[in-house]
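Just one chain follows, in the form predicted on its own, and it is written as structure tokens.
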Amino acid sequence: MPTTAKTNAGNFFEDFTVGQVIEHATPRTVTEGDRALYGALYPTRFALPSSAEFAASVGLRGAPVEELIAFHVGFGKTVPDVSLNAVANLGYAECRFREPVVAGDTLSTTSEVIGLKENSNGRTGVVYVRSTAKNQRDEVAVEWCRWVMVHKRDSSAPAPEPVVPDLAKVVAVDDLVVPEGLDFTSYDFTAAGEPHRFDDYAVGEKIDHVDGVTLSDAEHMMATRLWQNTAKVHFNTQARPDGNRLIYGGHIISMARALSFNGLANAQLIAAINAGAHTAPAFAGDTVYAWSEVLDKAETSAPGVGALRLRLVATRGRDESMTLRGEDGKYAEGVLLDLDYWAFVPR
């Protein structure tokens, strides 16, 4: 007889408890294939992850892949336990990239539940987790917090005492981890593709990245499978009432980051993600554009290395006015992503 006794239905909201630690299954070894497929999915052209010679010229050991590859791999490990029954991933905070990931590194992820809050409808709740992805040497490659809206198994189940964690709005400059050996004093601006350096950017400046990419179901599902993200809403048309596959939020992040090359080609390394919100759903057929705002600037102790705090905004359709919020304080129509991050740039 058919049975589901051995299959994983995923955790529902009432299965989580504050303080719970989850060791996620299936360690994942990053390969050069990940780098190649990432470049096929996103129009990325950043010199450092594109060229082993460029990476060596700025003092890095090995040839690191894009930071977001590490993030996606680590994130994907958490999905079967945290967000298999999600309505949507809501936001990020306190994300730090602490160790560059190179082909051959194997990442394993652990999460701790740090908050729970049932929604007023009684059918869903928000789960807050702090996740850590470590390499085979037990070094932390990337760590982050996120919160996700998850279905309840039984709407009549009692609500837990609400616990909402107090998360930092910004990763402090002193807490940014500069990769060992990073040195931009002999930075090759010709190879990188743009002349703009730290002093060329002003706080408050906005940059229209101009280019757009139209989303397709095939590509976003390929990306989501690449990171072994099993969330039903990304694949199964029966998982949403409208019958649409929801684009994985990480796909929008990587697309916007790749588009930001045009104007921020020298923002070579993501150091931290301070905050992030998927402000509206995206679906196949949407055309994604991006713009950035310089929020802050800081010096680092590494030779020739500065840090820019940037707001990266992805929009459905191009918004030449680069408007984030309307007069009512709500996100402007078409805004898909509001991402606040630090990047290392040459001085």
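Residue indices: 1-based, along the sequence shown. From a predicted model like this one, the values you see are computed outputs, not experimental measurements.
Unshown form predicted together with another copy of the chain; subsequent notes refer to it.
A.B. asks: Determine which one of 93-101, 161-169, 148-156, 197-205 lies within 4.5 Å of another copy of the chain in the predicted bound form, judging by heavy atom distances; exactly one does.
C.D. replies: Stretch with heavy atoms near the partner: 197-205.
A.B. asks: All three of Glu14, Gln20 and Thr124 touching another copy of the chain in the predicted bound form at 4.5 Å, heavy atom to heavy atom?
C.D. replies: Looking in the predicted bound form, the three residues Glu14, Gln20 and Thr124 all stay beyond 4.5 Å of another copy of the chain (heavy atoms).
A.B. asks: With the cut-off set at 4.5 Å between non-hydrogen atoms, does Gly62 touch another copy of the chain in the predicted bound form?
C.D. replies: Contact check for Gly62: no, nothing within 4.5 Å of another copy of the chain in the predicted bound form.
A.B. asks: Is there a heavy atom of Lys117 no more than 4.5 Å from a heavy atom of another copy of the chain in the predicted bound form?
C.D. replies: Although another copy of the chain is absent here, Lys117 would stay clear of it in the predicted bound form, with no heavy atoms inside 4.5 Å.
A.B. asks: Can you work out whether Lys232 and another copy of the chain are in contact in the predicted bound form, taking contact to mean some heavy atom pair no more than 4.5 Å apart?
C.D. replies: Contact with another copy of the chain, yes.
A.B. asks: When the contact criterion is heavy atoms within 4.5 Å, does Ser186 count as touching another copy of the chain in the predicted bound form?
C.D. replies: Answer no; every heavy atom of Ser186 is more than 4.5 Å from another copy of the chain in the predicted bound form.
A.B. asks: Gly276, Gly263, Pro179, Gly250: which sits within 4.5 Å of another copy of the chain in the predicted bound form by any heavy atom?
C.D. replies: Going through each option in turn, the one that passes is Gly263.
A.B. asks: Mind listing which residues of 180-194 have a heavy atom within 4.5 Å of another copy of the chain in the predicted bound form?
C.D. replies: Residues within 4.5 Å: Thr190, Ala191, Ala192, Gly193, Glu194.
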